[in-house]
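Below, in structure tokens: the form predicted alone, a single chain.
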């Protein structure tokens, strides 16, 4: 591979060599004057961005003793309180890592229904999950909890610092920081958001559609009784789906209203902008005052052409952006991290099969494509034009059929994902729910981020893969198949009862057995 250098500003040619220390890891940091003169590999992975995706990825890597540095350009965590939702699959992943009990006290549970284009349908009965609800939680809280988790596992987080440039070669990546310092790592992962510096410097295309429709969103107090607000919102939302005032705390409301005709998109919205649009849509501004935070979002929809170029990868909003309708964005990024973490760790630890890291894009790119498509469809259904409104009425009728409602909810909450692992039973490639086993619950056995063989026959073994894959013999496990091999992200990699066939699949996902 040729050495590739990308930089926001050319590195200084007269920078002196110096000794330095990063955390408690000493290393000599040098300017990358030539491809052959590199500083020692101080880190295995440098992650740009300490949002939910970056923090979750750091924690996943630390489960495998990978040396991780997370760079976050913001000096302080977000101060505004924006409520985000953790969908079913994300809640399951938190349970797999023992995080759910830490997170639940900070959130509020809501039924898992009414997500698709805000069409008010109840959740289907019997959703295939032990965590069949939405958890509304303040964004600063979930970000803090995930960052805290990563730090507890040994990740280093450096705030007020970002990537300014990098050079990659066959052995690693030399990363230039915004303060001019240079560090060396084996891989770099851009989790630095929709305007990702890493993606831009890497030259990865980000095709899609620019924003056409803007929406105002914020949290503020209201000066009229809740009953009056509820009655007005019920009436207006019959024709304006991108409009709501939802109570959050004492007289505090989450407010969403179309932004047409207000201040320039490049400028942050004001309280007067909200009042103007509320009066235009609802005939009243509800006496809103004392905003906690105000923002504007568009319906831009873009997907990175590639998730990996050599030793540099993309995840989260750096790889895909879409309207927030359906609340899928944060969840999609966190699920990227779970898919990538164990694979990148396997590559670094030296046991990854040759094509394992390539499966990150192969599996996650189509998932993002599907999310982009369903958010495009949902945005069309919020239009006030007669055609989209007619389609919305038709879909509302169709969702009375359980199969339709269930399909859309499983799509939004990501429990319907099936990766292509080849021919086999329907369960192959899907995630396995948190079933009962003799040691309690299945997810309690996945806290270490390792694979798991669940053997109901009590005849099989993981043999030379025992350093990467755990084993549970349990004929009482609530399964309709004899045995399953789970990847660290909880997806079913194999189903059967033949040892030789199992060994082939262990090799496929977990490399050569130890000798």
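Positions refer to the first chain, counted from 1. Just so it is clear, the structure is predicted and the values come from calculations on it, not from any experiment.
Only in words, not in the display: the form predicted together with a small molecule, which the text now covers.
Participant: Looking at 113, 269, 193, 107, which is the one with a non-hydrogen atom within 4.5 Å of the small molecule in the model of the complex?
Facilitator: So the residue touching the small molecule in the model of the complex, by this definition, is 193.
Participant: Can you pick the one in 237, 276, 389, 162 that has a heavy atom within 4.5 Å of the small molecule in the model of the complex?
Facilitator: If I apply the 4.5 Å criterion carefully, the residue I get is 162.
Participant: Would you check whether the small molecule, in the model of the complex, lies within 4.5 angstroms of a non-hydrogen atom from each of 52, 143 and 328?
Facilitator: The answer is yes; 52, 143 and 328 each reach the small molecule.
Participant: Can you check whether residue 85 is within 4.5 Å of the small molecule in the model of the complex, heavy atom basis?
Facilitator: Heavy-atom contact with the small molecule at 4.5 Å: present for residue 85.
Participant: Determine whether any heavy atom of residue 324 comes within 4.5 Å of a heavy atom of the small molecule in the model of the complex, and answer yes or no.
Facilitator: Residue 324: yes, in contact with the small molecule in the model of the complex.
Participant: Do residue 74 and the small molecule share at least one heavy atom pair within 4.5 Å in the model of the complex?
Facilitator: Because a heavy atom of residue 74 falls inside 4.5 Å of the small molecule in the model of the complex, the answer is yes.
Participant: Might residue 345 be said to contact the small molecule in the model of the complex, defining contact as any heavy atom within 4.5 Å?
Facilitator: Contact check for residue 345: no, nothing within 4.5 Å of the small molecule in the model of the complex.
Participant: With the partner removed from view, which of 162-170, 279-287, 123-131, 92-100 is the stretch that lies within 4.5 Å of the small molecule in the model of the complex, judged by heavy atom distances?
Facilitator: This holds for exactly one stretch, 162-170.
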